[in-house]
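Single chain ahead, written as structure tokens, the form predicted on its own.
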């Protein structure tokens, strides 16, 4: 009797690819929001850019306030890289945009508060969920964020890589492409099981949805698109 041929195994897909593919629709929705389209199209004033930067400050302050406690965590710890830190750069940009009293009366939009609250919950209770938010923010900054920087410099006259756009300038990352490659390798090696990986994918989708909600509220404040 002939031995049966072994069943071919399914091709292996790196986890970083799984995340990118599974969250593509949500990512595209966030990128194609009317607010971001108007901002990148040069249709909005610098006040809209300032308001957007303020929302980023609330999000990144929450992300980075948790970094110290998570630095030694086996799941989240490898992703905590000081060269990624953005809070100080955002504060420098906001001081340029709003003067030394830029914090006075500053409150997050409701969608921003919900976004920051979700990050805080993950940071406290679920390190792998924190990684999902870390990934969606920082790899986006290193990629599409550079388009926003170029638009801001051209539209509102900021000095190239200067005050006003320092959030998008990663001075301590000499080779962004290599850094992103190393980051994706960390994702591929995430020390969790397949069920937990699916939860991380779902949290990435949630992160993009939370970001889209912020864009919708900004779009309501700065309506432009018909």
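Note that this is a predicted model, so its numbers are computed, not measured. Numbering follows the first chain given and starts at 1.
Not on display, but discussed next: the form predicted together with a small molecule.
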| in the predicted complex, do 53, 149 and 155 all put a heavy atom within 4.5 Å of the small molecule? | no
Among 64 to 72, 177 to 185, 41 to 49, 155 to 163, the stretch whose residues bring a heavy atom within 4.5 Å of the small molecule in the predicted complex is 177 to 185
With the cut-off set at 4.5 Å between non-hydrogen atoms, does residue 196 touch the small molecule in the predicted complex? no
- [ ] Using the partner position in the predicted complex, report whether residue 135 sits within 4.5 Å of the small molecule, counting heavy atoms only.
- [x] yes
Does residue 98 make contact with the small molecule in the predicted complex, using a 4.5 Å heavy atom cut-off?
no
* Asked: Going by a heavy atom distance of 4.5 Å, is residue 140 a contact of the small molecule in the predicted complex?
  -> yes
